[in-house]
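Two forms of a single protein chain come next, each set out by itself as structure tokens; they are called structure 1 and structure 2.
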Structure 1
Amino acid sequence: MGAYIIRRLLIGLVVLFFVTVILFILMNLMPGDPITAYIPPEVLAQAGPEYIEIRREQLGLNKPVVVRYFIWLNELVHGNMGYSVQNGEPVLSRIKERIGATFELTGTALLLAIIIGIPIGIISAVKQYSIVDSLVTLFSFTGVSIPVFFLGLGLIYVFSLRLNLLPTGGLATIGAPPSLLDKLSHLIMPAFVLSVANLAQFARYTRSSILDELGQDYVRTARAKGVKELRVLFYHILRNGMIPLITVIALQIPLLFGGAVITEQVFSWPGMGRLALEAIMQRDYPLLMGITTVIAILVLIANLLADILYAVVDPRIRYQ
């Protein structure tokens, strides 16, 4: 198993290399002078053109592309993602301010998708061709087909504007004393909206995975031993059926961040997604770059964790 994990780690590093290459290319495609990414704007504003030229030379920005790439990479490794054009703050600190809210939202959404999606997938598979199954199938198709913003607007329309039950957006009620209930009431709608597509995916995937396992020979063996149907399902089938689901969940994480951009916009949720939109509106390229980098690295870490979890659950990998 050790070799397996190290192997996955190395593959992760290779992928990371390509990730940075893609980012670097994007970086260079972006309009504007790359020097702005390395020097704080206030310094930039005061310095004369000679100083900038000197710094440019010092930073090696007039060197060949390959050298520039390594300079950029070196800065990145040291946490320098450049400086926000908007207010001159380092990109990293701007992201730090917002990342908590995004984690809160995406984490809750992922959790909702798992704890609701997987059980309904199981039920749907066990009751194949029943009314419940048809409903789940219909629901999951709708779930993957509905635009996030339309669902969000619809929920705001119903629950906030018509029924007056939930707030239309934000992290918490401004001015009110912080309470868990208030927080939850703000979180529930955006988290649900963000989770719907994943929830539907997980339900469909679980259903098909369980149905696949139901037809396997070992299930027949278990039944031939006299194992009760419930135990066949929860002891024999579930463990096998869930193994591929780990990968599926890990692969949904990037989509989750993507969905967060729209969800945060609809619900005025002050997370990284909205930050990204602000960056676009203001043409704040260093910031946009930083956000993309952080998300890509997070996704990479999630994939690695999934790979390790995989080995823990599946003896065929553990004893390779």
Structure 2
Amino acid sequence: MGAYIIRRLLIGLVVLFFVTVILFILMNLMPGDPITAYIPPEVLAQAGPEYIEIRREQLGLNKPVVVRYFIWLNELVHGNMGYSVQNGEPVLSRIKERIGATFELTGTALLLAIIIGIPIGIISAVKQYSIVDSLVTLFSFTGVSIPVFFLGLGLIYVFSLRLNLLPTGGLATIGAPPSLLDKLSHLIMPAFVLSVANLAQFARYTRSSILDELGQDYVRTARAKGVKELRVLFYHILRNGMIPLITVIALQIPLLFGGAVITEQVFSWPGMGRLALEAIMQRDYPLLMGITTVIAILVLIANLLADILYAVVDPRIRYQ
């Protein structure tokens, strides 16, 4: 297992290199100029094109793309992701300020999706073709289909504006002493909105996996031996059915970060998703490059953890 992990880490570094190359090229193909994006129009009109070229030279934007990429890669190897074009702050510092809030949101959303989606998927499979199964199927298709921004705005209207039960957004109440209850009240709606689509996906895949296993010979053998139904379900069926579900959960992690961009904007959540949107609007390419690189690293780590969990769940899987 140790040799396999080391090999996967080395492959992950190669994948990360090509991912950063593609991201860097795509960002430099984006329309607009970061210099003209943050200089006020009146200053830009008086300064003229010479001033823009001077600023581009100061920031190194006049160099070829290949040269700029390797400069950036050298800084990354030394633990630096460059500096924001807008305010000159280190990109890594700005990401550190926001990444904690994003982990709180995406982690809570993933936890909600797992602890709710998997049990209702199991119930739906065991109660196949019942009213419960139909309701779970209807909920799954609805959860996958409903837009994140629409659900978020709807919850804000109902629970914040009409019922006045939850805050409209933010990480905490401004001016109020920090407390767990205040934190949870701000977290409930954005975490639920971000979890709905994943919850529906987990329920559907759990139902499908359990149904595939219910008809297997080992299940009939266990029942014929008099093994209790709950033990058959949770010890035999669920363990074998978890393999495809682990893959689905790992693949949903990048979608969580993608959905966080919209969710954080709707609920004014100060995380990396909202920071990425600000970087796009301001054409702050170094900051956007840093954010996407961090997300790519997290996705690679999630895939590695999924491979390790395969061997934990199923003893028949061994990595040589």
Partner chain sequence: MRKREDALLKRDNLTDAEDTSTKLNIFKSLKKSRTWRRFRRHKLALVGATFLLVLILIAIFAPLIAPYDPYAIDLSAYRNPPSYAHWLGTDTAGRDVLSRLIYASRVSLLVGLGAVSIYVIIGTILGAISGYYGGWVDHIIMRIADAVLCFPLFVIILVAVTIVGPSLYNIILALGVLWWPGISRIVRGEFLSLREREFVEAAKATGEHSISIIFRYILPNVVAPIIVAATFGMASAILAEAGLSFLGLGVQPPTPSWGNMLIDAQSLTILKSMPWLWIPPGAMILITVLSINFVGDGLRDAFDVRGRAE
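Residue indices: 1-based, along structure 1. Here the rigid core means the biggest group of C-alpha atoms that line up within 1.5 Å when the two forms are laid on top of each other. Here the structure is a predicted model, which is why all the values come from computation and not from measurement.
Asker: Quick one, which of these two is the form predicted in complex with its partner chain?
Answerer: Note: form predicted in complex with its partner chain is structure 1; the other is not.
Asker: Align both forms on the core first, then report whether I11 has a C-alpha shift of 2 Å or more between the two structures.
Answerer: It does shift by 2 Å or more.
Asker: Does the C-alpha of L304 move 2 Å or more between the two structures once the rigid core is lined up?
Answerer: Superposed on the core, L304 moves its C-alpha less than 2 Å between the two structures.
Asker: Is the C-alpha displacement of L251 equal to or greater than 2 Å between the two structures once the rigid core has been superposed?
Answerer: Comparing forms between the two structures, the L251 CA shifts below 2 Å.
Asker: So if we fit the rigid core, how much does the CA of I25 shift between the two structures, in Å?
Answerer: Its C-alpha shift, to one decimal, is 2.8 Å.
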